[in-house]
Structure formats: structure tokens, C-alpha cells
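A lone chain, given as C-alpha cells: the form predicted alone.
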Amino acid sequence: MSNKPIGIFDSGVGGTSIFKEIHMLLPKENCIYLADSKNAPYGNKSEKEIQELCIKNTELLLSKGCKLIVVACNTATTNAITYLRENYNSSFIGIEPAIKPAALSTKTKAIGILATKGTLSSQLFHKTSDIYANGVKVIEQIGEGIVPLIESGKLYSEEMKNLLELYLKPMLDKNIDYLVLGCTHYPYLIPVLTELLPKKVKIIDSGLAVAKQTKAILLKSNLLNNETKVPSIKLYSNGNLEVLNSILKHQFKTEYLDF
């Protein structure tokens, strides 16, 4: 089982930010990445729709022999991971906004959360926020339109910059000193966000934490791959492969998979 691949899925290309962290930390691991770009974004779908898409993605990855599945999507995690863990005999690693480190580190007692509607309206998000952000002002902002722009290859467009300026203003007006990125697409915005934010505002995402958790689960289950041959990295998309390739700078072979 140890040489079986890690399965990773997201509602498009955003979860590659998680894949890259996993690949850097665990370079010997075989990986299969699934970009469900045709159905992106998940953030404006109902819980039932999100669960159905996650079931489809999970069953496809399990059919390809994955030993562990990373749900590299905040919306999918907050709306479907409990169901997946209860109904499949596999280990699942999820991702949720890094509220805890931001809330513990803020000096201004104000943090911003940029995320999808599906994440911000979920029970898991509010439970995490209630536990860790007591006494801290949390300014939530739905990133409406960001994912479609990224999925259409407009990551560094003027349209994207204008949208981000609009979303950041209410947070900056409340004197935030931490911005939490609550969607795996959003780390690709960091170069733009760095230009737009004052230097005092620190940006936090969950990528490295997810990679470390993946390693911990594999170690605990004795499933780390110790083979010395070059790992197999397969990236599938049911959307525009060129967008996926440009995000990954053509480093990995990608295939079109209609699922």
C-alpha cells in the first residue's frame, strides 16, 4: 500500500497550492490531482450539491487506488468531509481557514477572512471561529467572482485587482493585521495582495499545515513511500488544461479526464 498514490481533489486549479506543499514536503510520494473545474466554484452551491460532487471525486480517486485523500477545498471540507469520513473506509484530510494562528497572533484584535460563501456559511467555520476568535473582531468577506477569474486564466488581470481592492477595503477600514485566505485558489493571489496590502498585514493560508498533517497520517499508518524511483504525478482536469499548466508552470504532465 505504501507506494499507492495520494489523492487530492478540488473544485478546480486552486488545490494545486496544496498539492505543491505536499509534493515539496513528501517528494517521494506518488500523487493524483483532480481538478473539477467544470463545476467550479463550489462556494455558491448547496450542501447537497457539494456532497454529491465530493462523492464523485472520492470514488474516482479510490478507483485509481489512492491510499489517502486530501480534500483540497475549503468549501468541500466544511460541507462534506464529515459525510465522506462516515461513509468511506479511507483516511481524509481536510482544509479550513487558518483562523486559530491569526486570532492568537493579532495585535489589533481584528482579522480578515477572505473565503467563499459556502465556507463562511458552514457550521464548521462558525464553530472554529467561536472557539479560537473569542474577543477578536473577525471581518468576513465573500470572494465572489475570484475563483471564476482564476479558472479562466485572469489571475493577474486588472479586473482581479479591482475586485480585490473592493473586498479588502472594509477589512482595512477595521484595522486588520492578519488576512486569512479561506480558499485554496487564493494563495495564487498573494503577489497581487502583497501589492495592495499595507506591510503590517500578514497573509496566512493553510497549505503547509495540510502537508504536515498528510505526512503525520502517513507516518502513523506506516504508509510513507520510501521507494527511490521518480514518483508518478498525474494531474487531471475536466476544464481548461492550459490554465492548469500555466498555474503549475508546465512542470508536470496533465491529462484531460471527463468525469
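Bear in mind that the values here come from a model prediction, so they are computed numbers and not experimental data. Residue indices: 1-based, along the sequence shown.
Keep in mind the form predicted in complex with a small molecule is missing from the figure; the text below concerns it.
Although the partner is absent here, C183 is a contact residue: one of its heavy atoms lies within 4.5 angstroms of the small molecule in the predicted bound form. In the predicted bound form, at least one heavy atom of V147 sits within 4.5 Å of a heavy atom of the small molecule. Heavy atoms within 4.5 Å of the small molecule in the predicted bound form are found in exactly one of 158-166, 100-108, 69-77, 121-129, that being 69-77.
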